[in-house]
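The chain below stands alone and is given as structure tokens, in the form predicted alone.
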Amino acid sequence: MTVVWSQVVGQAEAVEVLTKAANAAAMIVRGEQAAAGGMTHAWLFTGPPGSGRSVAARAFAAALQCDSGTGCGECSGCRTTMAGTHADVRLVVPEGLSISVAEMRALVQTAARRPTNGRWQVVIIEDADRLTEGAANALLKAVEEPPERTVFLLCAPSDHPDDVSVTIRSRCRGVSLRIPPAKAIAEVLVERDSVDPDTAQWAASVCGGHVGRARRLATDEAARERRAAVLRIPLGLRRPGDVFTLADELVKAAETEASEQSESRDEVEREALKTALGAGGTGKGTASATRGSAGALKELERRQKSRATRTQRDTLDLALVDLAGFYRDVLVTNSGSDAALNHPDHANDARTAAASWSPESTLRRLEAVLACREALELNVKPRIAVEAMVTTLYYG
């Protein structure tokens, strides 16, 4: 397996399909006749969180831009694509809660240009399920009548109409990814990130098949502590007052993490924009150049606030996934099944809970966590949604 494809963990079938398509694309670039169906202009990568949808899409983009068409990892096309600096590869990552129609129209216009290096214009849209209706319609027009050398790579949790419109899905070739096995994740952590084998095996066993999460847990003490704090909640609810204390801690932890992630980036963006608008300049015309800076700075602040909101909700959602996994472990333990646990390092806590709670009350708790996730998706205030959930966790 080449360097580029080695980034795609535990997805042998998908890699085989994409490798053949990249080879066909290379033949098209050379002016040769490629096999029918080998390459197409729109692809939809689906799979659960952590399965590597965007990693697979970026690896495919690198193979499309590769001088040899194999994804060698050594040529300029591969290296710049994987680094995110290739002139003909555009990565769309929604910084707010959705991707707007204005963003998509601008992107479609840019994607219509001929590639600068004579190969392909590639557009990767992460979280395509966050497209607004208007943005999806703008994208649909481009997918229906694509420029000759433009390829759209969409990433979404599933091909369900709630995630991707039926009309867009019907015009894309699907690539379905599965949850990578723990063994494959552990091997990657050891070989690529130099994590010691024991830590790698532990992180792979508790990450829920999410490669990026496994890497954070293996290398970041703060991430391990956040997970441990979340998993202390189920057995830490001993009296009514604990409901609001633990709910407050959960929300504040998400706010703090979002703030830490945003602060340094926000400041860099503000300074870069001020410089671009002529701040600090003394030359002729500086005054007129900076006159409209207030509006531009206000728009930047709006985008940064939207990004912080999304980061907070994504952090909360990760905590909720951990909680749901714990209640699922309690049900598994209660049933006597030998199915693998989501949190094997908390097996004793699961046994304690299983001895105290009926399966019915455990299921009600699990449903409360899932309902909280849905409430956050519907833009319910995080504190209200979390307090309602934790109240059910306490009373069962």
Partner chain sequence: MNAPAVTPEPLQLVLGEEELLVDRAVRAALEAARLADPTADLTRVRVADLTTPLLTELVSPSLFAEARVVVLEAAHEASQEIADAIISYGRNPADGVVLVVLHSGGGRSKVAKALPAALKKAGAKVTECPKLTKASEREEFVRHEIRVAGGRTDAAAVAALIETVGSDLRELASAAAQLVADTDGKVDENAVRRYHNGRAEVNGFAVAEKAVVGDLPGALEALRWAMQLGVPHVLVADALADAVRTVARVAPLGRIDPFKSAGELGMPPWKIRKAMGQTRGWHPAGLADAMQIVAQLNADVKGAAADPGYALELAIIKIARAHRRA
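These figures come from a predicted structure and were not determined experimentally. Residue numbers count along the first chain shown, from 1.
Beyond what is shown, the protein has a form predicted together with its partner chain; the following relates to that form.
Which of 314 to 322, 119 to 127, 239 to 247, 181 to 189 sits within 4.5 Å of its partner chain in the predicted bound form, heavy atom basis:
Within 4.5 Å of the partner lies stretch 239 to 247.
For this session: May I ask you to state whether V380 is within 4.5 Å of its partner chain in the predicted bound form, using heavy atom distances?
Result: Yes.
Does its partner chain get within 4.5 angstroms of any non-hydrogen atom of I384 in the predicted bound form? Taking the distances in the predicted bound form, the answer for I384 is yes, it comes within 4.5 Å of its partner chain.
Review point. Should A388 be counted as a contact of its partner chain in the predicted bound form, where contact means heavy atoms within 4.5 Å?
Key: Heavy-atom contact with its partner chain at 4.5 Å: present for A388.
* Asked: With a 4.5 Å heavy atom cut-off, would you call S6 a contact of its partner chain in the predicted bound form?
  -> Close contact is absent here: in the predicted bound form, S6 is far from its partner chain, nothing within 4.5 Å, heavy atoms only.
Item to complete: Would you give me the residues of 219 to 234 that have any heavy atom within 4.5 Å of its partner chain in the predicted bound form, in order from first to last?
Response: If the 4.5 Å heavy-atom criterion is applied to its partner chain in the predicted bound form, 219 to 234 yields nothing.
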